[in-house]
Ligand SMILES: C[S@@+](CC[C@H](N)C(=O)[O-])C[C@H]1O[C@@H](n2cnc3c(N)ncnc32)[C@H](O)[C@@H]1O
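Quick setup: one chain, the form predicted alone, written in structure tokens, and binding and motion questions come after.
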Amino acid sequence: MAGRSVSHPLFARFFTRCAPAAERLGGSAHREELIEGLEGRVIEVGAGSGLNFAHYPSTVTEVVAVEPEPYLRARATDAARQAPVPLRVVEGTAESLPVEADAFDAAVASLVLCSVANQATALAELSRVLRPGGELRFYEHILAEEPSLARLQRRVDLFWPYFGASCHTSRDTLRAIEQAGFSVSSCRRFTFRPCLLFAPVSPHMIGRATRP
């Protein structure tokens, strides 16, 4: 299956410039929690500039990292050279993963399900490429449980995707994961706001789910 590019050059450069500060303020610890204990063959969707790569444990035998944005994919390719495990960066989207079915022990979705064109399609693809009983690890910003913040997120969502590379502020991603047929075994909700600008995307979750 052929990959596909999605170009967001301004956002990609903004993200790359701002990411180190967010990592120091807690993002790196979240990624460590996300990836801890993974084993076997792993697919990572929306790899971005490769911020997860350094956290993969030696129990992982291979990572296939999928990233559609050319600038970010180039940065990820650079980061892959320093990864502690065998890691290959490929072009593709979450809705059409360029890999075979039932081929991976685990999948990692990290701050990507907010921006995919269709969550149901992307999650169906993750289910397709995971082996039966394979694990989905997710780290996403989500719709707030607090009604006032949720209302703000829905208003902001009218314009936020135009500036944030199709990122949506009000997606109920946990519900989407469950509706895709995954069995959620753990989910920790928390607030992460490295700067005031990111208040609409401050509700986050980290969790694990299993493909039946």
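Because the structure is a prediction, the values reported are computed rather than measured. Residue numbers run from 1 along the displayed sequence.
Not pictured, yet referred to below: the form predicted in complex with the ligand.
- Within 4.5 Å of the ligand in the model of the complex, a heavy atom is found for every one of G48, A94 and V116.
- This chain is displayed alone, yet in the model of the complex one of L111, A79, V90, L130 has a heavy atom within 4.5 Å of the ligand; that residue is L111.
- In terms of contact with the ligand in the model of the complex, the residue from L126, A106, L72, I142 that brings a heavy atom within 4.5 Å is L72.
- Interface membership of F15, defined by any non-hydrogen atom within 4.5 Å of the ligand in the model of the complex, is confirmed.
- When contacts are judged by a 4.5 Å heavy atom cut-off, R31 counts as touching the ligand in the model of the complex.
- Using a 4.5 Å cutoff between non-hydrogen atoms, I206 does not count as a contact of the ligand in the model of the complex.
- Heavy atoms within 4.5 Å of the ligand in the model of the complex map, among the stretches 154-162, 172-180, 55-63, 39-47, onto 39-47 alone.
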